[in-house]
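In C-alpha cells, one chain follows: the form predicted on its own.
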C-alpha cells in the first residue's frame, strides 16, 4: 500500500531544494566577475537578475519549509530529481536574456545540456556570444560534472548527517571516496579545482603558441578544460575543436577526457600513490577492452572507405571521435554532417556503441558505465564455468574494484537492470526521432548522444528541429545523468499524491 505524502514530506523536500537553489545563486555570481573583468555590462545584469531570482526563490523555500526532520531515501531521490530540473530552468534565464536563443525552451535545452555534461547545443551565433555567457555554459558543465548536490554538500550540509549521504547517493553516486560523505564531496572539488588550474595553464599556453591572443588563449583554455574534464563537449567556438586545427590541443584534450572518465576513487588512489589500482581495477580493464573493440570497428570501416589514407589524419579523425564518444565528452574535429556524408554505417555503429557504453561510475561521464559491463561479463564467465564443472561444485567468482569483491546476484541484477533501462532510453529516443521523419541510424545516434550525455551530433540537433523532440532530448539528458531511480521515485511520489492512502 502506497501512502499519500504528508505536509512534512513536502517541507523536507522544499527545505533542501531551497539550499540547492541558493547554492546555484552563489555559483551564478562567478560569471558576474568575468563580466566585470571583460567590461561586459549587459551580461553582468543578466546574471545578477538570475542570481537574485535564485536567492529569492531559495530563501522563500527555506522560510516556508523550515524543518529539522532527517532526510530519508525517498526524500533524497526526489530532491535530486527536482534539483536538476530546477537548475536547468534557472540556469536558462541568463542564457535566454543574452538574445542568442530563439525561445526559452532552447535556453532550457542548452542549460540542461550543460548541467548534464551532454554538450548538444542550440545557441545562435556562438562566435559572437559574450564571454560572460560563454563562461556560464562551461561553468554549468563543471558544476554538473561534479554534481549539483556535491557543491551543496560541500557548503551547506551538516557533517556526518545520514541525510547527506542519502542525497549524495541519489545523484547516481553510490560510492564514497572517503568515509564521510561531506569529505568526499570536498575531495571531489579539490581534485577538480587543482586539475582546473593545471589544465587551464597547459591549454592556455598551447592556445597562445597556436596563435590566439593571450587573453583569449587562457579564456578558451579554461572553458575547454571545464568541458573536457567534465566530459561535456561545449567549446567557445561554433566549429567545436575543428576551429583550432591544432594536433597538440587535441592531444591534450584526449588526456583530459580520459581523466574525466575515471572514477574519482581512482583519482584518490593515484593521488595517494596507489597507482597499481589503475591496472588491477575491473572497470579500467573493461574500459580498455571496449575502447579497443569499438576502435577496431571504426578502423575497419574507415580503411574500407579509404577516407583518411595518411596515418596522422586517420588518427586525428578516427581515434579522436572514438575517445570523445566513449568518454562521453562530445568534442569533435569534424562537421556534424561529415558523419552522414563521409563515414560509413559501420563506423557510425562503432561510435554509437562507444557513446552508449560510456566511462566509469562515480565520474563525470554518462552512459552504461564500464563497471556494469565488467560485472555482467564476469557473471557470464561464472555461469559457463558452473555448467562445465560437476554439479556439486560451489563456484565463487571475484572481481577487483578498489578491493576484492565476491560477485553476488545483487551486483549482476543491478547491472543488468540499469543496462536494460539505458537500452530502452536509447531506443525510445530513436523511435521518437523516426516519428519526426529522421532515418533510423541517425535517430539512434542522436538519441544515444543525448541519453548517454555525450554531445556528438549527426545534424539533428538544430534550432529548427521539432519542439517536442527538444523536450524529449531534455528528458533523456536528465534521465541519463541521474540513472533512472530518483526519477522513478519522483514519479511514484506524484502518483501517490493523487492515489495514495491517507
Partner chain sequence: MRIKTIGSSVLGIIFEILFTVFIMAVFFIISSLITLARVWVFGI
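Fair warning: this is a prediction, and the values are worked out from it, not measured in the lab. Residue numbers count along the first chain shown, from 1.
Missing here is the form predicted together with its partner chain; even so, the following discussion is about that form.
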| query | finding |
| --- | --- |
| Selected contact from 89, 315, 423, 104, since only one has a non-hydrogen atom within 4.5 angstroms of its partner chain in the predicted bound form | 315 |
| 186, 124, 267, 400 - the one with a heavy atom within 4.5 Å of its partner chain in the predicted bound form | 267 |
| Three-residue site 272, 279 and 284 fully in contact with its partner chain in the predicted bound form at 4.5 Å by heavy atom | yes |
| Non-hydrogen atom contact residue 194 with its partner chain in the predicted bound form at 4.5 angstroms | yes |
| Contact test in the predicted bound form: residue 201 vs its partner chain, heavy atoms, 4.5 Å | no |
| Contact of residue 259 with its partner chain in the predicted bound form (heavy atom, 4.5 Å) | yes |
| Contact of residue 309 with its partner chain in the predicted bound form (heavy atom, 4.5 Å) | yes |
| Interface segment, criterion being heavy atoms within 4.5 Å of its partner chain in the predicted bound form, picked from 134-142, 110-118, 285-293, 408-416 | 285-293 |
| Contacts with its partner chain in the predicted bound form - residues in 229-254 whose heavy atoms fall within 4.5 Å | 251, 254 |
